[in-house]
Structure formats: structure tokens, C-alpha cells
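A single chain, nothing else alongside it, follows as C-alpha cells in the form predicted on its own.
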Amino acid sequence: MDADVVVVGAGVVGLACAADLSRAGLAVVVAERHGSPGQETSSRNSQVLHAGIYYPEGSLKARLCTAGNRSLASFCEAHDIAFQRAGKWLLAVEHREEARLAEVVARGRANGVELEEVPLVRFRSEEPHVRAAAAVLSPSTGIFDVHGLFRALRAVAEDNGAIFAFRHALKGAAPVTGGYALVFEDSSGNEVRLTTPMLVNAAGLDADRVAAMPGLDVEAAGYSQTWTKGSYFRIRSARRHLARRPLYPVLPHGCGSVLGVHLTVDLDGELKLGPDAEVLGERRQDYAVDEGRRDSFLAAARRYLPSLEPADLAPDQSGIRARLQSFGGPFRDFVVAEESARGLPGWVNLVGIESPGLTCCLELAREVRSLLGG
């Protein structure tokens, strides 16, 4: 099996890289430890097409998110992937939060995002069940079918000759003359060896471990990831009338985040709260949702949906994201790095690809192609 480039990981970013690199004429092999694409972070999220509001001006997250908002929407339309420009409300629930909301709006506009300050009388006519002191509309925010995106990206890659090796877990990588010698373990426990001149590390939760395999010092590079679990609670269908659009409250200064527990609306009009954030002490993919978190979700949501009752909430899904930024710590951008400067030419690391990585997936793939010579 010959490959010009091996992509490690078939989450949404790995799929996008496979589609883009194969379209450029490269022989691509995608190695994925699971039996199908998108089994981890990529499928366990809000399925929101973000606008690019919250990230520092000039950052990779800001630039790729605003571009991805357009390119991913176009891709969905071209490939018949269910998609809606649902928009979302940014909320100051209390008057003391209005200054924070103004900061968020200013940051979004600096990133080129369209934001509309809406009179309260209009907001209350559209969202009569929602409590807010001020509201701003982000019309370019969308929702889409992430599983349809997986299927379309895989189909594009395979149509261009990419090969997918599912249930192949990367166990080792070593620099050799002209590239990298890779060792995989297949579903039967057998070793599979492959040499490639180029590798794209899109391993998501374990991207830092893959980055370390050829000898890179991930601590010195600043690539160590922290696993953070986010749980969701759904609101029962009989209460779906409580909101027409996603609701994203801001929090006052000192709370460590511009986002509280927000509400999303899926393609069927069902409502979901989350995610919250729970730093995991060990790397274990436990996706159970603790019913004991209901009270904290209810308290957070009642700030802007005061009629919610405990019986309205039921545990839904959870996801785990790999963060570079510590809670309360300074902003950390995506890592998208070709590692020639560290003695690893042709090796590209994608590390810390949390939200808005889904929105940015096509743009991240273009960045990777550029780093590998276009």
C-alpha cells in the first residue's frame, strides 16, 4: 500500500484533510482506530456552524472560523447536507452583563461577523418565553447534519482515490530516510507497517501522544492537551416552544468565560442545553451523563428560561474535547504546524482542535495542504 501522505484520524478534520489532499492528486491513506469516521469529538457536539464571534482578532480560530462559516455552508449546500441558517441570540440576561455583551459584539465585529443589536420589544415578540436585558442576533450562525458531513467528505476522498484503514491504531512512528516508518495494530492484533514521506496528525484527543511518537517533546512545544468533558441535557419535546433560535448568554467579568450553559435548537426543532465543562483527571472515554448535574443545568438555564421545571430536563449526550487552554488561563490558538523546524519535515501536527474546529474543518485542511507544499 503506497501513500504520499498518511492522515492519522478520521474525525471531521482528518476527513477534510483526506478530501482536500486527495483532490490535489496525492495518494492518501487514512488510518482510524475506530470502525467508522467521527466516533469521538466530531460527533459529540452541538452541530453548530459558528460565526467566529469569540476569538481574538487575527487568531487562527477567528480567521478560519469566519472563512469556514462560508465554505462549510457552501459545501453542505453542494452535497445536499441538511443545513439551516438558524441564527442565534447573544444575551445579557441581567443589566450588569450588558458591558460584557458589548465586548463580545465588538470582538465579533472586529472579526468581520455580522451582528445585529435588536430592540427588546422585537426580541420579546420573537422569544416571549426568554428573559433578557439585551439581545444581539448573529444571523450567520447555522446548524447542520454532522453525520451527513462525514459521509460527504469520505465520499469525496474515496472518489479521489483515498484509502481508509479502519480499526488501525497507530502504535509507533520513527523518522527514516525520506519520511516516517509507521507501525499500526489492526483489529486482530497484527502489526501493519507503512512508510510515508508525509504525515498529518489529526488524532484529536490523542494528537499530543501522536505528536510525541517521532521524538518531539510535547511539553516543550506546548502541545500537551487536557481532556474536558461536556455534558448535555435535552428539554422535553412538549416544551420546544420555549425558544425559536439558539440562546447564548454571556457571563459577567470574573466568571472565567464569555459563555454560560447555552441552548441549541437542532434541525428538528428540539432543544438541548450544554455543554458544561468538567476537567477529567484521567484520559478515559466515559460518555455517561451524570443525572446529578441536572440541578446545575436547571439553575443556569432558568436565568433565561424561568419557566423550566426539573421534569423538563433529561440527560442527553456528552463529548470530550482536547484543550490546550487552561480554565482562566490565557487564550490558546489551534496548533497547525509543519515540524521541519523541529527536525520532522513533512510531519504536520493539528493539536488542540476543539470548538470551533468543526466549523473550521475545510479551512484547516487548506492550511495543511499549504504547509505540505500546496
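Here the structure is a predicted model, which means the values were calculated and not measured. Don't overthink the numbering: it's just position in the shown sequence, from 1.
Same protein, other form: the form predicted in complex with a small molecule, not shown, and the subject of what follows.
*Asks:* Do Thr41 and the small molecule share at least one heavy atom pair within 4.5 Å in the model of the complex?
*Replies:* Looking in the model of the complex, residue contacts with the small molecule include Thr41, since a heavy atom lies within 4.5 Å.
*Asks:* If you check in the model of the complex, is Val8 within 4.5 Å of the small molecule, heavy atoms only?
*Replies:* Judged by the heavy-atom cut-off of 4.5 Å, Val8 is in contact with the small molecule in the model of the complex.
*Asks:* Given that the partner is absent here, does Ser59 sit within 4.5 Å of the small molecule in the model of the complex, heavy atoms only?
*Replies:* Flag for Ser59 set to no.
*Asks:* Do Asp206 and the small molecule share at least one heavy atom pair within 4.5 Å in the model of the complex?
*Replies:* Contact with the small molecule, yes.
*Asks:* Which single stretch, out of 341-349, 308-316, 325-333, 29-37, brings residue heavy atoms within 4.5 Å of the small molecule in the model of the complex?
*Replies:* Flagged stretch: 29-37.
*Asks:* Work out which of Tyr223, Tyr180, Tyr304, Tyr232 lies within 4.5 Å of the small molecule in the model of the complex, going by heavy atoms.
*Replies:* By the 4.5 Å heavy-atom cutoff, the listed residue in contact is Tyr232.
*Asks:* Considering non-hydrogen atoms and a 4.5 Å limit, which listed residue (Val250, Leu170, Leu216, Val136) is close to the small molecule in the model of the complex?
*Replies:* By the 4.5 Å criterion, the partner-contacting residue is Leu170.
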